[in-house]
Structures are given as structure tokens and as C-alpha cells.
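Only one chain is given next, in C-alpha cells, and it is the form predicted alone.
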Amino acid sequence: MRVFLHVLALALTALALAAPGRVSAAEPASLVAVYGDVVHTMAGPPIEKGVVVIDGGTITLVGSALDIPVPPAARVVRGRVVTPGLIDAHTAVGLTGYLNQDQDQDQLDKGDPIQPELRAIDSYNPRERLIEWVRGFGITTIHTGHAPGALVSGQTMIVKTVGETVDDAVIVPAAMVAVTLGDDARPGDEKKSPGTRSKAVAMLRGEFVKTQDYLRKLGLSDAEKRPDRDLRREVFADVLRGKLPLLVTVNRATDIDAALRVAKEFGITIVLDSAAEGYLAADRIKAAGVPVIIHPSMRRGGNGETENISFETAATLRAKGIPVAMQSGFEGYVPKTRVALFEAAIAAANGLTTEQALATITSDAAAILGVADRVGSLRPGLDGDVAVFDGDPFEYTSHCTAVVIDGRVVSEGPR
């Protein structure tokens, strides 16, 4: 096993080093015309022989190449299939690194079971080679941050897969607060809390009760009686105010139900993450109006909380009318990340249509993350993020041949 992991790590290193070079968000955007035999806009039916025109980093025209004149000065990119830039709805890339060594693993701090004040923006490394690597598969936006594994592990953020600094890359600096319920929330030491599911939920509820009292005291007219600044309370206060949703990683149906109860009790917004047994609680999820970022299709199952995992979860939940998105998730071992494109492809082979599967990593993912006004579809006024393929994106023989982010061609040539 050790030899296998070493060989795998070396292979990933070679792939990462072969990835397209870093691209600064400060580089000027140009006039770009992206032609495709088929253009999936995700805002309407696919366009045969279509073109997407990007000017100054923003999409200006989308339609038939026969109807849209493109200025001769435009940089032209061509491919068989064109899609919006792909979105990985949940990952830890940028906090976790491809070296798989202590110095590039900032995704989880187990010093305290509850640390909502930990900001992803303070740990994100835009120069991490894994970011270049996933970008080579057409992924232009990622929802990343603190990983599952603690009751409240920290915050997440939404970034583009470009930039020399986090400020270059960031779209949403604080997107959600990462919470884990179930076995993964346990610290592994019987002397530490939470040791049971009931204790974990009680601890989480207790934090909201304390925060309600904190908000009450903040509103006191007597300044002397107001509490001192408290970073933890500030984050939970934003959750109670509806400014930040909880991203709740759960797998068992019982834990899904617990998350829904907490959300109802405190009137907070949640997004379910992973949800291996989501199909067992589909009616309750639907009734609560909660979206799901589904576990990677190829996540290992067979034991523990994922013993009932299914390739068909995405199709089952979508058929119920539940908004779903796909993710690469977090890997505790090399290669440290999956590829969301491949995970969506498996969902496409197990109940979703091609367009539905593509939506889980474009338009539907953008809607769940609250960034549909920027990314996720090819419409005038949105960011000029485009992925180009030499065949069906979900066929393993196809390649991503070009990636455009904010009107900059950041890579060309097959991945």
C-alpha cells in the first residue's frame, strides 16, 4: 500500500507540474470569440454551431455563429463542445495541497470542536498546484474552505481558479460555515466532546442560544453593558441573521433529520452536504426546501456512514424537485482531490440526463452557492468563464482543450 501511495503521489505531481501556468487576474481581458459545434448555455437549449463573445471579461453575445458577426480583432477559440466554466460545489483545494504534507494541509484544525471564526480566506493558497490541475479540466469556480471532520470546522469561500493572491481570486470571501454531524464530528478521543450524536447537536444548539443572548445584549442602550467583541459570536450571529448559511455535512438519514430540526428551531438557512442516505429522507428534505451538494459519486462506501451510498442519489433527489449540485469533496489521502467533472459524469450514467448532470456543475451549482448572477451559465452580462472540449465532456476519451476565465484564455491544448 505504501508503495502504491508513493507512486500515485509521484504521478499526481507530474500531472500537476504539467498543468497550465498560473494566470494573474490582473492580466488584461481581451475580446474573445469561442466557437463550438454545440454550445451548452445552461440558460436555454443547446445551440448548434454557436458562438460566445466575451469583451472586457464579460459575456456580451451568445447565439448562432451564422447570426453573430465577430470583429476580426477577436481572439478565436474553437472546439466541439462549449460549456460554461465548471463549478466545483464543495472542495478543500487551496487549503489542502498536493504534497500531502503538514505544511500544505490547512483544511482542518482539531484543536477545538467549534471554530466558526476560522476564515478560509486566511489559509487559501491561490498558487497551490492542485488549483491549476483542476482548472485544466474546465473548472473555473470552486467553493472551498475548511473540511468536514469537526463539529464546526470554519468558514468556506468561493473563488475563481486564477490569481496570484486570494484577492485576485475571491468572489465570496465568506460563503458558508462548515458543520459536521455524525461519526466524523467525533474527535477520536473518548475524553473529548462530542462523543455522541446527541452531544454534537446539543453543543451546536447551545452555541445558537448563547448567540441569541449575545445579540440581545448588543442591543442594550447602556454601552457599558454591551459585550466585548467576540469573533465566534459574530459568525453565529450572521448565521442567525440569514447572512451565512450552514453547510452541514451529514450522511445518515438520522443526521439529516437532526440538521433539519436545528434549522427549523433557529430559523437558519442550511445546505446539506454529502447526504449518502439523502434518498431515504428525500421527502423531508423537499418539504424543508433545502438544497443538497451530493457526495462525490465515486466516494468509497461499503462501511460506516456511507454503507448505503448510491450512484443514483443525484437522480433520485432531483426527481423529487430538490436542487442538487456535485462536488469533488475532500480526500484525506493522495491525490487530495477528485475532479467534479468526472463525478458528474457518473451521475449522468446513473439516472441524470446529460443536461441535468451538466447543470449540477454549472447552473444549479451556481444557484445553490448564490453566485448565479456571476457564473454558471452563458448569458450576456455574466463573467466570461468558458470551458471547451473536443468531445462529450462526460466521455473519458474527451479532453478539455481550452479554458477562459474572466475573458482571459488561461489554457489551450488538451488536458
Partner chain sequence: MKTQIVTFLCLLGACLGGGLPAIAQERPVAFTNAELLPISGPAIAHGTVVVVGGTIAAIGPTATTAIPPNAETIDCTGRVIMPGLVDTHSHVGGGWGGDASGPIQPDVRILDSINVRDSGFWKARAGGLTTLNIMPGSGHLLSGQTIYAKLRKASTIDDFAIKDAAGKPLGGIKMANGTNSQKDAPFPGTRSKSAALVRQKFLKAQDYRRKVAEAKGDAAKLPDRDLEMEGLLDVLEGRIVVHHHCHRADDIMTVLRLRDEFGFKVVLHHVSEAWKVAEQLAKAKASCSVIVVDSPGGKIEAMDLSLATGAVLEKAGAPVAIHTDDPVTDSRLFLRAAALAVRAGMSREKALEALTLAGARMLELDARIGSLDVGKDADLVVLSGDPLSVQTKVLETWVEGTKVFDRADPDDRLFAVGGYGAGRDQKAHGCCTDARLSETK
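Note that the structure is a prediction, hence the values are computed from the model and not measured. Residue numbers count along the first chain shown, from 1.
Unshown form predicted together with the partner chain; subsequent notes refer to it.
Contact check for residue 310: a non-hydrogen atom falls within 4.5 Å of the partner chain in the model of the complex. The partner chain is not drawn, but in the model of the complex it has no heavy atom within 4.5 Å of residue 236. In the model of the complex, none of the heavy atoms of residue 214 sits within 4.5 Å of a heavy atom of the partner chain.
At a distance threshold of 4.5 angstroms between non-hydrogen atoms, residue 327 is out of contact with the partner chain in the model of the complex.
Contact with the partner chain in the model of the complex, defined as a heavy atom within 4.5 Å, is made by none of 241, 266 and 322.
Residues placing heavy atoms within 4.5 Å of the partner chain in the model of the complex fall in a single listed stretch, namely 346-354, out of 346-354, 36-44, 50-58, 370-378. Interface residue among 300, 229, 191, 225, judged by heavy atoms within 4.5 Å of the partner chain in the model of the complex: 300. Between the options 258, 114, 77, 280, the residue in contact with the partner chain in the model of the complex by a heavy atom within 4.5 angstroms is 280. For the stretch 385-406, the set of residues having any non-hydrogen atom within 4.5 angstroms of the partner chain in the model of the complex comprises 394, 395, 396, 397, 398, 399, 400, in sequence order.
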